[in-house]
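Take a look at this single chain, the form predicted on its own, given in structure tokens.
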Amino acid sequence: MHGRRQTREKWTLLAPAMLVLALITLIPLANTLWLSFTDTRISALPVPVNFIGLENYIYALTDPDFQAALYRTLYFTIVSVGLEGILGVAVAVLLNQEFKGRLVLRALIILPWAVPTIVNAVAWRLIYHPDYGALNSLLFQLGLISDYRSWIGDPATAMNMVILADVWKNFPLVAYVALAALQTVPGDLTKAAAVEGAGPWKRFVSITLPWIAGPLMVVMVLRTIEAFRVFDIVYVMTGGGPADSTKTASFYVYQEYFNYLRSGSGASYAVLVAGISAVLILVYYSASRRQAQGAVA
């Protein structure tokens, strides 16, 4: 009897939050799913809406432009998250050493992550500017280039320049998680390995890296999910150009929906992107469970 009362009280307390959650997530999701099976277009005038089944999905899955956008998104995700992981761990190892000014550097390193994405994108646009950008000036002064270049105006370099801006903003998050994990590595283990002749690299690979692998994997999966949905930094820096070289899947959905006003097919693209993101979330959930089980064991 007491247990039923507790259960009823829990559901009563949870009900308002669940109702708000349903209003702001489930209803738009259900509406998007419905639109994806129709030929709805955005129009100022009333237009008939027809149910067309899987036609939008079949078109989306065979659309070479959408497939190219998915490939670009995958490239952006793998390269940016990979670089953030390498740079983040390297910075975390550095900040874990004893040196003068370490606390100040630990505080400063979080600044790029604290900068809003839009501000970060505008700042990097100025850095890449073909006429007075800091990057051109630096490389020219070092003798690495003979003429100023339009880094985000060239399809060959635009995506990598966007990736560089994204890595600069997000690697501090990886660094801080790795640094927190490094604080838990037992000093006795590394000292014993050093006494037995293991060098710094071997100690890092054999002891440190396995010890921080759990937290590191979680933050990397989270960053992978965010990177796969990249939109804002692309929108501000390149607008998907030049020649669609930076048009990612989320940007493709935006154009289909708001530029071409095809809300039905746009919804089907959005559902496909959300489905891929859901797979990544399942990977994150599985990684979290394994980490929790490892912590209990």
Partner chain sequence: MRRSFSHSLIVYGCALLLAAFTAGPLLWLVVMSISAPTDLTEVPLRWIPSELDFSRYASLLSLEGGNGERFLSALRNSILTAGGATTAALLLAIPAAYAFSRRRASMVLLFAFLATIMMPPITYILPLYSTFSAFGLLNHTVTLVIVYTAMLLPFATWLMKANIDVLPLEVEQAAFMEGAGTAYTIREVVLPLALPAIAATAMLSFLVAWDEFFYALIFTNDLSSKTLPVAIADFSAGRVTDYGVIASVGVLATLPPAILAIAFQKFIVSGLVAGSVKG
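Positions refer to the first chain, counted from 1. Model, not experiment: these values are computed from the prediction.
FYI, the form predicted together with its partner chain isn't displayed, but the following is about it.
Taken together, the three residues 67, 158 and 205 all stay farther than 4.5 Å from its partner chain in the model of the complex, as judged by their closest heavy atom. For the chain shown alone, residue 82 is not a contact residue for its partner chain in the model of the complex, no non-hydrogen atom being within 4.5 angstroms. Within 4.5 Å of some heavy atom of its partner chain in the model of the complex lies at least one heavy atom of residue 99. For the chain shown alone, residue 29 is a contact residue for its partner chain in the model of the complex, at least one non-hydrogen atom being within 4.5 angstroms.
At the 4.5 Å threshold, heavy atoms of residue 180 reach its partner chain in the model of the complex.
Annotation for 96-129: interface residues with its partner chain in the model of the complex are 97, 98, 99, 100, 105, 106, 107, 108, 109, 110, 111, 112, 113, 114, 115, 116, 117, 118, 119, 122, 123, 124, 125, 126, 127, 129 [heavy atom within 4.5 Å].
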